[in-house]
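Given as structure tokens, the chain that follows is alone and in the form predicted alone.
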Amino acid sequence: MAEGRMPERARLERPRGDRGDRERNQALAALTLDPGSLQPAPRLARRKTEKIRGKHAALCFATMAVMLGLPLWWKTTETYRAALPYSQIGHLDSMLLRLRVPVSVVFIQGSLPIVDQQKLPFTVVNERDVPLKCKMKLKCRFQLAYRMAGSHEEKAFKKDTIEEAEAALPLPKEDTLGSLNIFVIPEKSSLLPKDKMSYIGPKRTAFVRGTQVRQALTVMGQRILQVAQSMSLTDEVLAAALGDRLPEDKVSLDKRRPLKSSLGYEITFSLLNPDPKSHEVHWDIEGAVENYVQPFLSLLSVVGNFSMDSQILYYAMLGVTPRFDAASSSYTLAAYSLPHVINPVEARLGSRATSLYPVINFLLYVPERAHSPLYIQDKDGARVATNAFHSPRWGGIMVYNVDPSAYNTTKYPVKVDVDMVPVMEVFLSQMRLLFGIPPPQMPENFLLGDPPREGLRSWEVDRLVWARTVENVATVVTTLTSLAELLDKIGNIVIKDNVASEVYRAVDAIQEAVVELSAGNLELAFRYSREAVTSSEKAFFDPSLLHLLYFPDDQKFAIYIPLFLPMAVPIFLSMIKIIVENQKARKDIEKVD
């Protein structure tokens, strides 16, 4: 029985052995098909660790580039722009400019009815608006302070003539730049001619004939205001100051083009001798400058510094061939040909290219013998009395003809001594026009006193200072506004601290000038306005603001792309690969779950 059971157990155990062999064979076949699975476990772990380390390195590089590299590059390449007072500059363009003229009105005994005399002293303010073509508002304010005359002033008016009375007047307490003193004399006073109602002297003093009618103060107020306006803020003054900001029909074009305000001016006197073989010309320019020009410019020193020089140019032609007039046996230059005279001559002067300030040229031309005598004609074909003409903002030319009797000789060159008196009279008249000081135009019932020896009345100098001050204010407003718009539009321009300090200084100075103008302190206002012009010009023309020093955006891209693209592309591709692998791993985990 035992023997009979043994075969059955053996039979039962054999299938188990066959199943194990089958599993072993399958494992061997699998190992044979996948050689990579034969790699040991440490190598698989090492590959997995290197992949994770690569991801970490890519993330680290990207983080450093974004968190450290970009801010560092942005900061080191940032355009430095100092802060500017943009809001204050914006308000300048629409500010109110009030010009206050202090006028002291003194009534002599008998110039007013007793009833009106008892009302004195008091102050009257008259203000008028000046229309402009810009946002800026301009008002002329005349502050008339009425009072009765003192004993010293009453004594001065006992003189025989108006000139003696003016000389005997004590020095006014307010004889400052821009102020006026008007004296009202009795209606029947013999100091003035019977047909004259007012007298304007060479100083800041005027005389007005009084009245005894009802409401005499009202009538006199109109007369006094007319005199004050004639001596200070006239249309010519405003035209010289504001130019194109005034309406076209307000003033003529010539009155809009005086010399621009400047810290200094250079004056050149030139003698042109185109025919030195025929003329040996001598001129005492040094004596003429000392006797005539220097006293004139000493009064104008308040508006700028002046330097003068002289030269003699030989074989210098006008560039225009004169026309022969058979009726007068002379040569003429027509008015239409005068503009063509300046350019050929200016090429020989040679002073404008090296000058820092505006150059004023005064030329004395002695025509050659073949074109002598030479006369200048006006638009109507008549001879110009002075035989001279001027060009705004450039200078003047005078033709000096040689006496025809000098040619009655056989010995050449003829010696020519220039009479400098008429020459200087012409040049000084032209200088007045160039600076915007035309001859005063007064009503018929006004008596105008003769100017002093220097050639300028005190109130004429004041009118020039008024014009220069208002011009400076308008110039500074335009300069600062243009600068602010430029810097706001172009963000690549560097604004250095020195530029910003000049802008702040200009804004402060122009605000001070406006305050002083409204207070009637013309001298201080002019100083502040000139400081504002200097600072604004320094800021506007600073070399650091030149647009050629900066690259536009397309050039910046052309520079930075070769630098950043080789570094950014690998980092960018690594980031994409990491994102794709993470998304794939996340999907595999979701499938297993």
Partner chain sequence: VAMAAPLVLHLLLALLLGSGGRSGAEPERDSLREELVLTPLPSGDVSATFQFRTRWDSELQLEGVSHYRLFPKVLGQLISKYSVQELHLSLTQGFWRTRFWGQPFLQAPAGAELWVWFQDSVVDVDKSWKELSNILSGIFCASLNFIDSTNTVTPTASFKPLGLANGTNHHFLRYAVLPREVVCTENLTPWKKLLPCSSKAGLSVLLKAERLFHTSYHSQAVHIRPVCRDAHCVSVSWELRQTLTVVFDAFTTGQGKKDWSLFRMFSRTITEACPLASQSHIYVDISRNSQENETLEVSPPPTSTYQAVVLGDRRTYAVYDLLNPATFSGSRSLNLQLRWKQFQDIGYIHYQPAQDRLRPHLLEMLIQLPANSVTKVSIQFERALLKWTEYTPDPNHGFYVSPSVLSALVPNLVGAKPANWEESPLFSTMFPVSDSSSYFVRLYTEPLLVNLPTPDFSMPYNVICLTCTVVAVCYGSFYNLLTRTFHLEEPKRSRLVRWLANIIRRIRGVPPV
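Being a predicted model, the structure only gives us computed values, none of them experimental. Positions refer to the first chain, counted from 1. Take the two forms, superpose them, and find the largest set of C-alpha atoms that agree within 1.5 Å; that set is the rigid core.
Although it is not shown, the form predicted together with the partner chain is what the next lines describe.
Discussion item. Using a 4.5 angstroms cut-off on non-hydrogen atoms, would Thr410 count as touching the partner chain in the predicted bound form?
Written reply: Because no heavy atom of Thr410 falls inside 4.5 Å of the partner chain in the predicted bound form, the answer is no.
Practice prompt. Check whether Val115 has any heavy atom within 4.5 Å of a heavy atom of the partner chain in the predicted bound form, and answer yes or no.
Written response: No - in the predicted bound form, heavy atoms of Val115 and the partner chain never come within 4.5 Å of each other.
Fill in: Distance check, Asn445 to the partner chain in the predicted bound form, heavy atom within 4.5 Å
Heavy-atom contact with the partner chain at 4.5 Å: absent for Asn445.
Worksheet item: Just to confirm, Asn343 within 4.5 Å of the partner chain in the predicted bound form by heavy atoms?
Response: Looking in the predicted bound form, residue contacts with the partner chain include Asn343, since a heavy atom lies within 4.5 Å.
Discussion item. Under a 4.5 angstroms heavy atom criterion, identify the one residue in Thr176, Gln215, Thr79, Asn291 near the partner chain in the predicted bound form.
Written reply: So the residue touching the partner chain in the predicted bound form, by this definition, is Asn291.
Discussion item. Give me the residue from Lys133, Lys158, Lys277, Lys496 that has a heavy atom within 4.5 Å of the partner chain in the predicted bound form.
Written reply: Among Lys133, Lys158, Lys277, Lys496, a heavy atom within 4.5 Å of the partner chain in the predicted bound form occurs only for Lys277.
Practice prompt. Within 4.5 Å of the partner chain in the predicted bound form, counting heavy atoms only, one of 513-521, 149-157, 224-232, 330-338 shows up; tell me which.
Written response: Flagged stretch: 330-338.
Worksheet item: Out of 500-519, which residues reach within 4.5 Å of the partner chain in the predicted bound form, heavy atoms considered?
Response: If the 4.5 Å heavy-atom criterion is applied to the partner chain in the predicted bound form, 500-519 yields nothing.
Fill in: Phe540 C-alpha relocation of at least 2 Å between this form and the one not shown, rigid core basis
No; Phe540 is a residue whose C-alpha shifts by less than 2 Å between this form and the one not shown when the cores are overlaid.
Worksheet entry | Rigid core superposition, Ala62 Cα moves 2 angstroms or more between this form and the one not shown | Yes, Ala62 moves 2 Å or more.
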